[in-house]
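Just the one chain here, the form predicted on its own, laid out as structure tokens.
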């Protein structure tokens, strides 16, 4: 029973880096990591759309986490994580993909009340690691249609 409880109290997350910040996405949400695929820009798209990416015969809209955070576009090609949501698959541009980490739910903290409301909507708290924070990303919050609706309002 102890093993079952400890399994419920931890999870695996895929670490990604954007700028100097480390983010974590629950691995269960990641369909695939595409590396640095060729992308096509989308004229007149919302600012957060980083481009279109070919994925297994489909064309996915890929969100730029850098743009969502108000950062300059990267000068080098970015990695793309592919997520599946009820609205369908989409991509997320990040500077680099790190390792899969085992994190404890006991080390997870909610967003601080002082965090800007726009960032409150994007992040789902953070895990406290030994020497840094691992900011939690939930793919549902980054889904392009949801972002368009929330940022328009």
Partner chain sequence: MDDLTREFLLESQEGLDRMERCLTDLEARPGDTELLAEIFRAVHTIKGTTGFLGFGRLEALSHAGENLLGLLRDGSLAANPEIVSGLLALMDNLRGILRSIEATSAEGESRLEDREMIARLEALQSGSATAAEADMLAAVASPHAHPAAPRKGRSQQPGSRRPGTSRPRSPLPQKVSPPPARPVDSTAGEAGPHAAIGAASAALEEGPQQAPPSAEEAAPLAMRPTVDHADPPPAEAPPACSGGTADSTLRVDVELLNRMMNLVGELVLTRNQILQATSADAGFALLGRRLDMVTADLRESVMRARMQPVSHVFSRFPRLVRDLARGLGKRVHLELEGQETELDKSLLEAIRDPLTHAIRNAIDHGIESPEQRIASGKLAEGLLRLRACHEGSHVIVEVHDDGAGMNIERIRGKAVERQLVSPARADQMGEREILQLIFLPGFSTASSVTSVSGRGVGMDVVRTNVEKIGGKVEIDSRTGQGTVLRLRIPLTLAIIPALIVRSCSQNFAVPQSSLTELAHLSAGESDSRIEWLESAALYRLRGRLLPLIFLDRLLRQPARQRSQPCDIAVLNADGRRFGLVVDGLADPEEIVVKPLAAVLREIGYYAGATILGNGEMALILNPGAIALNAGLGLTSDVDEAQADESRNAQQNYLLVEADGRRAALPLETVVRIERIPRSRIERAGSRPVLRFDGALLPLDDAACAVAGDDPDAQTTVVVCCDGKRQVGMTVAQVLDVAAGRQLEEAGSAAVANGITLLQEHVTGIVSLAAIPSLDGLADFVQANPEFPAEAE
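Given the structure is predicted, the values throughout are model-derived calculations rather than measurements. Residue numbers count along the first chain shown, from 1.
The form predicted in complex with its partner chain exists for this protein as well; it is not shown, and the discussion that follows is about that form.
Checked against its partner chain in the predicted complex, the candidates 124, 27, 101, 52 yield a single residue with a heavy atom inside 4.5 Å, and that residue is 52. With a 4.5 Å cutoff on heavy atoms, residue 110 does not count as touching its partner chain in the predicted complex; it lies far away.
By the criterion of a heavy atom within 4.5 Å, residue 31 is excluded from the residues contacting its partner chain in the predicted complex. Within 4.5 Å of any heavy atom of its partner chain in the predicted complex lies no heavy atom of residue 116. In the predicted complex, residue 61 approaches its partner chain with a heavy atom inside 4.5 Å. Across the options 35 to 43, 64 to 72, 102 to 110, 124 to 132, residues that bring heavy atoms within 4.5 Å of its partner chain in the predicted complex belong to 35 to 43.
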